[in-house]
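Presented below, as structure tokens, is a lone chain in the form predicted on its own.
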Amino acid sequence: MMRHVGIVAESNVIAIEWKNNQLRLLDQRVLPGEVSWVEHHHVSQVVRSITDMVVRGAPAIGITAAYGVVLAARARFKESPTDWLRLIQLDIDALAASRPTAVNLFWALERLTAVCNCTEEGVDPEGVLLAEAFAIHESDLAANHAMGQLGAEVISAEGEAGTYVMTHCNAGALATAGYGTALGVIRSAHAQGLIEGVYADETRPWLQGARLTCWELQQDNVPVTLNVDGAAAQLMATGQIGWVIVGADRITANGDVANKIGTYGLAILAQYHGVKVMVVAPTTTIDMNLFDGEDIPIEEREASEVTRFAEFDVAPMGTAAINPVFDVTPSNLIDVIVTERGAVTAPFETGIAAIMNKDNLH
């Protein structure tokens, strides 16, 4: 295959917009059948959209929450110019409770809270908060492009390990400011002739791989083939898959990774078949307050997401179901973690500490 290292692909997919002084989110619940935008005028609508998965993906949730604080500030300052700082904390707490696993949510809220605390009572905070939300949005997009290039360089350096990659869930433009983490690497690698195409796990129960990853890659003309989650082992056994490339919702100090349920099993299969595993995530996803994955809170959603598909029952009435949204992949099953500050390999604890100690950290 021809290699053109340095080529950067773009993406036609946008999921988050600040337009006409309001937040607009691409409704990911109805893709690919319908391309529909949800408008948000109040922070309560933002909380609901995060909880109900109108928006999903750790970086995108963080960006959305930042804009949610802007909307909260607008309402609270209008309500009480001299007491908005106390009142807005109620909204920030509601945003923090919307999804418990994605650390980017809390990182973004901490940044916006710091701006609030530096703004005097009686001074309208909306402008400075909006500037901070824009900065978070723009920095995530820049980080995605940096990770895309760094991840492609890792694949190039490893040589011909297989002409296809496999991904799980959706870690693309839909889950970020644009371009994507795992799909950012895939976009860059494909543009440079390093891979021929992608196998996308369907990712039960919400089918983010089938509905979102396949749709997103089709928009950018990246060849993608859908497979049921249970087919991953058989596909790896063919020898055509060189990498499993996934995103992350939280990474601990030792390199353990929380990602969409099914990632842990995929990493075990990859190790058995000699397939390398790459995790791609910005440093905002790294939680240095947690040493390992045992302390990561794992969100569990309603059983009906498993027992029903759309409006149809797929299990007998009264069937018990467990629905953890994430699992934790131990660092010893991961070959490389790619961030915007560099690619880290084992020992992960040392490498992660080094990149997190770089200058210009927030």
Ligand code: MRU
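For every residue, the number given is its place in the sequence shown, counted from 1. If you're wondering where the values come from, they're calculated on a predicted model, not measured in any experiment.
There is another form of the same protein, the form predicted together with the named molecule; it is not shown, and what comes next is about it.
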Scan Leu333, Met53, Leu31, Val328 and let me know which has any heavy atom within 4.5 Å of the named molecule in the model of the complex.
-> Met53
Quick one: from Ala152, Val244, Ala73, Ala171, grab the residue that has a heavy atom within 4.5 Å of the named molecule in the model of the complex.
-> Ala171
With the partner absent here, would Gly57, Arg99 and Thr181 each sit within 4.5 Å of the named molecule in the model of the complex, counting heavy atoms only?
-> yes
Could you tell me which stretch in 216 to 224, 185 to 193, 247 to 255, 229 to 237 has residues with non-hydrogen atoms within 4.5 Å of the named molecule in the model of the complex?
-> 247 to 255
Contact test in the model of the complex: Ala175 vs the named molecule, heavy atoms, 4.5 Å = yes
How about Thr284: is it within 4.5 Å of the named molecule in the model of the complex, going by heavy atoms?
-> no
Taking heavy atoms and a 4.5 Å cut-off, does His137 contact the named molecule in the model of the complex?
-> no
Using a 4.5 Å cut-off on heavy atoms, what residues in 28 to 44 are near the named molecule in the model of the complex?
-> none
